[in-house]
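Taking the form predicted alone, here's one chain by itself in structure tokens.
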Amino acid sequence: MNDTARGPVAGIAAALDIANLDTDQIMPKQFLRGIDKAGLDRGLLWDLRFDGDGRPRPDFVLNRPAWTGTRVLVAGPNFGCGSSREHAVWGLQQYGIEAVVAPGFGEIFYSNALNNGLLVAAVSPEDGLALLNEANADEPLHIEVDAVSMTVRTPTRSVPFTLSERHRRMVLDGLDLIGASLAYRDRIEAFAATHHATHPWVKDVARRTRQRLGRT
């Protein structure tokens, strides 16, 4: 697949000028009771979006009518730190967020995001602050996050972001970790054949163990 397989994420950006916004805040625990992924968009950033009586906070950016349909979050440093709560990524995607731009991410959140197709663009602290200032205005900011050119573009600036080549290919080709591994299937099978030829005692260990125990 070529580099134009997935175009830039383009649309309205909302500024979340909060450092160390953790996964418990992105997706509070009370929304983890379901046995599937449904309905997580309702719980996204609940305590920021709603007051103690469940009423929308009118000043919160995602509740403002002009930011309806936000596709990109421009966030503070260390976004998604804390627990390994994958629901945080699912909730962002169900809400319509396709990319998050920040000067750094929580390690597990970062992996979860890319494994689920959420583009996470890590920019320098200086560029992150400039983008936050630009997004934190009275009018919505239109932004593009492009994994082909590895840039974040606004009407006034273009800044680079980092992404490993392995993660970049996953984004562009629409692959999760299993899909990315299967791209190397021929090489994996060739390695296994060579390894089993020289170490035959490690092949089919589970099957031979079940046979020895009289189990099918």
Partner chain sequence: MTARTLYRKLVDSHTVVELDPDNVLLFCDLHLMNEYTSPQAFAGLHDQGREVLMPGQNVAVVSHIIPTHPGAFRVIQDPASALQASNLKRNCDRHGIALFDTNDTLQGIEHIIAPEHGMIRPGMVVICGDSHTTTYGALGALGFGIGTSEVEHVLATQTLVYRLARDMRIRIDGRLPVGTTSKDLVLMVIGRIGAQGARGCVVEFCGSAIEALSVEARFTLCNMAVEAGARGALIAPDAAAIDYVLARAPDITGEQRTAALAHWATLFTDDGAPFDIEHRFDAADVVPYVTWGTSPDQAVPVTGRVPAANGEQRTSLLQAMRYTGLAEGTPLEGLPVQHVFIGSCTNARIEDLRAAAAVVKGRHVAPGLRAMVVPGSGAVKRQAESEGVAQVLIDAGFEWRQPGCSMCLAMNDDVLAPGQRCASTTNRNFEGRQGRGAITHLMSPAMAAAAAVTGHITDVRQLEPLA
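Residue numbers count along the first chain shown, from 1. This is a predicted model, so every value here is computed, not measured.
Another form exists, predicted in complex with its partner chain; not displayed. Remarks below refer to it.
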Close approach of Glu86 to its partner chain in the model of the complex, 4.5 Å, heavy atom: yes
Heavy atom of Lys37 within 4.5 Å of its partner chain in the model of the complex: yes
Non-hydrogen atom contact Ser181 with its partner chain in the model of the complex at 4.5 angstroms: yes
Any non-hydrogen atom of Asn20 within 4.5 angstroms of its partner chain in the model of the complex: yes
Stretch 181-196: residues contacting its partner chain in the model of the complex, 4.5 Å heavy atom cut-off: Ser181, Leu182, Tyr184, Arg185, Arg187, Ile188, Glu189, Phe191, Ala192, His195, His196
